[in-house]
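Taking the form predicted alone, here's one chain by itself in structure tokens.
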């Protein structure tokens, strides 16, 4: 498919076309998702949970984000690749924030960074965009503030959501993720801004949608969040396949003649 770049990404909203995004953390998955026609890939700091098995996203380092982003960008020549700026993101001073975001783009070949931010963080977003660093903002539930919020909860302050999203647009963000907000609030704010909104747990009124790829494929253990639809049950299939392999090895049925060199 033709290469998706930021102007094309934004133009999809202008044309009324829905935007598709998924997370990716490695080369092989990036290639598969791009082949399937996904518009954008997010190298999310969610890798701390779904790849590293940690309790939340906070321990993920800048170096780890760059490591995974480089693999994804190498595997995706057409999809737009966006990379999370990890905690503490833009709270390390303007110059350091620019330096960290620039490292991501320079060392990974991704096209943009995603920053969890609101109206109080306008200066940081303005500084990034003024430095030529494209920013996808992230409003609503902001996982990097999980301790401050007291857990992962639906963001129900509709007025603050509007203020935050409009501030991000004014600061130069080219798009904004809306996470775990009421559908009516997401649809309302989507109609108020010219930049695309990408929903995750924010209803069908957003300009696009994003899911964690492990959730979509049915890989994780336990119950899926309410906002997730699993399109496969690969976790069960993987376990079954590996059990069959273990049985064949233990019974001496693998490798057979077809898998053996004479």
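From a predicted model like this one, the values you see are computed outputs, not experimental measurements. Positions refer to the first chain, counted from 1.
A second form of this protein, the form predicted in complex with a small molecule, is not displayed here; the remarks below concern that form.
Q: Give me the residue from 195, 212, 33, 66 that has a heavy atom within 4.5 Å of the small molecule in the predicted bound form.
A: Looking at the other structure, the residue within range turns out to be 212.
Q: Applying a 4.5 Å heavy atom distance criterion, does residue 200 contact the small molecule in the predicted bound form?
A: It does: once the small molecule is placed as it appears in the predicted bound form, residue 200 has a heavy atom within 4.5 Å of it.
Q: Given that the partner is absent here, does residue 135 sit within 4.5 Å of the small molecule in the predicted bound form, heavy atoms only?
A: Answer no; every heavy atom of residue 135 is more than 4.5 Å from the small molecule in the predicted bound form.
Q: With a 4.5 Å heavy atom cut-off, would you call residue 84 a contact of the small molecule in the predicted bound form?
A: Yes, residue 84 sits close enough to the small molecule in the predicted bound form that at least one of its heavy atoms falls within 4.5 Å.
Q: Hey, in the predicted bound form, is residue 139 touching the small molecule, heavy atoms inside 4.5 Å?
A: No - in the predicted bound form, heavy atoms of residue 139 and the small molecule never come within 4.5 Å of each other.
Q: The chain here is shown without the small molecule. Which stretch in 204 to 212, 33 to 41, 66 to 74, 230 to 238 comes within 4.5 angstroms of it in the predicted bound form, by heavy atom distance?
A: Flagged stretch: 204 to 212.
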